[in-house]
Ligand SMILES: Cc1cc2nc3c(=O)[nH]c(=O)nc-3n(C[C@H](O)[C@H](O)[C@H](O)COP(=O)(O)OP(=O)(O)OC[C@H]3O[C@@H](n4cnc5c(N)ncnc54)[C@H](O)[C@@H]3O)c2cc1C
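Only one chain is given next, in structure tokens, and it is the form predicted on its own.
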């Protein structure tokens, strides 16, 4: 890639100080600070409601970094000129400097080229931390970036904290039975975080930052034959009075059965992380520490063993009923009623009874 950095907050390339920095840049930068103290966030964009927007998880990561670190927060955004309309929002949420890798061909998502672009900026600024949202795209890009930079990656973190320049990354481990806090001995330290893990920060309207342009040279882009955006049915499970929640102990065919039952009794269908990982249900239906916290009047868990992170999301439920074939399932310690039985068979029987 070639470097053609410039300031764009005012659309000017000029400088106004003896250090040769773009206008407004000096206040954001301590020139005696190690560049390895910066933190870098990939600002992922997507078409949402027919408009180009920054995905929420990128904003959540900016807010988290601002809460745990006093270092500069640098963003990287990839795309053509259309992403310029997002600059003000990105700065309002806390980005100090934004690298815009600008290329018409990158208006379309290419995982290899996006990873190259993020790694290129990382090599230029030498950040202490790189955070990427745990979206479907983030899961493609993050390992590639880590491989290029020859560093480690901690995926699906549920908490982040800083000890000096060291990033402490907390995530479920061993099938969700324990919560592990991990540190990386290499720099940059990389982590992905699932959407909804951290709260959205409040924007500071009118906050300014600096844009640095980078020109990508994409000599090896793959041809995209077709692309289809999957429609996700929105369902705010956090407001449901009755939740039928499904786990890895059910068959895929039982999801449709649960949806029919939910429609008849005024419930919503949620799930554990295992079904999201399988691609059976969308992430916005996931209950737990890396999903949504819920507080229904009745929570019926079918085939959910009850990992620590899942139980953390249902602690406010008024009544918990669990159906499981394992008499020692951890959820038994939390539920009000425990039914020892096959979740698929019981769902099918409930469906049959409601149809009769």
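Numbering follows the first chain given and starts at 1. If you superpose the two forms and keep the largest set of C-alpha atoms that fall within 1.5 Å, you have the rigid core. In this text the structure is predicted, and so the values were computed from the model without any measurement.
Another form, the form predicted together with this ligand, is not on view; read the next lines as being about it.
When this ligand is superposed onto this form from its pose in the predicted complex, three or more of its atoms come within 2.4 Å of a backbone or C-beta atom, and the site is therefore classed as blocked. Residue 249 belongs to the set of residues with a heavy atom inside 4.5 Å of this ligand in the predicted complex. In the predicted complex, this ligand lies within 4.5 Å of some heavy atom of residue 325. This ligand is not drawn, but in the predicted complex it has no heavy atom within 4.5 Å of residue 270. Residue contact with this ligand in the predicted complex: residue 210 places no heavy atom within 4.5 Å of it. Judged by heavy atoms within 4.5 Å of this ligand in the predicted complex, the contact stretch among the candidates 51-59, 326-334, 65-73, 38-46 is 326-334. The three residues 118, 132 and 183 each lack any heavy atom within 4.5 Å of this ligand in the predicted complex. The partner is not shown here, but in the predicted complex the stretch 264-296 reaches within 4.5 angstroms of this ligand through a heavy atom at 272, 273, 274, 286, 287, 288, 289, 290, 291. After superposition on the rigid core, the Cα atom of residue 112 is displaced by less than 2 Å between the shown form and the other one.
The two forms, fitted on the rigid core, differ between the shown form and the other one by less than 2 Å at the CA of residue 70. Once the rigid core is used as the reference frame, the Cα position of residue 278 differs between the shown form and the other one by 2 Å or more.
Here's the thing about residue 54 and residue 313: their CA atoms end up at least 3 Å closer in the predicted complex than they are in this form. Here's the thing about residue 283 and residue 191: their CA atoms end up at least 3 Å farther apart in the predicted complex than they are in this form.
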